[in-house]
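Before any questions on how it binds or moves, here is one chain, the form predicted alone, in structure tokens.
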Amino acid sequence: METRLAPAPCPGPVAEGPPSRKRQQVIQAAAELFIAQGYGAVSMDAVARAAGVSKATLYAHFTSKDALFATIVGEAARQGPVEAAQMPAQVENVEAALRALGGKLLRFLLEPRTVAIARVAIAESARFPELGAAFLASGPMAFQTQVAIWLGRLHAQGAIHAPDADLAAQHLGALLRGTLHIEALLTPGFAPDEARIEAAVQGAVGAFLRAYAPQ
């Protein structure tokens, strides 16, 4: 039986610069195994075999299975909606900026790979609490933290009235997820058309701006 360590919010390579090819092999192989077999059924030995690396190499990059899962979630998030370009320091049109960010977030959440990883975390977090903690820290909470910083800047500029930027970020995320996200999680092959996604984003941003209009 493997020993699982406490979840690491920001796992990564040990004493390395840019991500190595072997590290990326491990991340890709592990993601495919977790999605296909579930978190509990996958061992670090299986990950090493699937990635074509030694166990020493695997543990040099990731100290535990939950740290590896957190990295998978974190890298997916970094390639998704959490980008500085989507949260500009100066905003001339707040509605347009929020719709751009919201559209990217919702489309990211509805991607088959994103949905599959979320299903793994939800299905197995009761048996493996470190899995749920890793998912929260590297996915939803990472997004919420960065959005809260941005909303705080918009508040300081007078573009919105959000004295509690953390709460505003929670509200924005919840509005954008709406029912589409839960439908995606519970419905295999769910793929809403662009019109429905756009309508969801527009409605969420409209509600947010009515709640956080400048005073």
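Numbering starts at 1 and follows the sequence shown. The structure presented is a predicted model; accordingly, all values stated were derived computationally and were not measured.
There is another form of the same protein, the form predicted together with another copy of the chain; it is not shown, and what comes next is about it.
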property: Stretch in contact in the predicted complex with another copy of the chain, which is absent here, among 22 to 30, 55 to 63, 149 to 157, 171 to 179 (heavy atoms within 4.5 Å); result: 171 to 179
property: Whether Met44, Gln86 and Arg107 all lie within 4.5 angstroms of another copy of the chain in the predicted complex by heavy atom; result: no
property: 4.5 Å heavy atom contact, Pro112 to another copy of the chain in the predicted complex; result: no
property: In the predicted complex, Ala50 touching another copy of the chain (heavy atom, 4.5 Å); result: no
property: Non-hydrogen atom contact Ile197 with another copy of the chain in the predicted complex at 4.5 angstroms; result: no
property: Partner proximity in the predicted complex: Gly203 to another copy of the chain, non-hydrogen atom cutoff 4.5 Å; result: yes
property: In the predicted complex: members of 115 to 140 within 4.5 Å of another copy of the chain, any heavy atom; result: Arg119, Ala121, Ile122, Ala123, Ser125, Ala126, Arg127, Pro129, Gly132, Ala133, Phe135, Leu136
property: Pairwise C-alpha change, Ala41 versus Ala184, in the predicted complex against this form - closer or farther, 3 angstroms or more; result: closer
property: CA-CA separation of Gln37 and Gly189, closer or farther in the predicted complex than in the form shown [shift of 3 angstroms or more]; result: closer
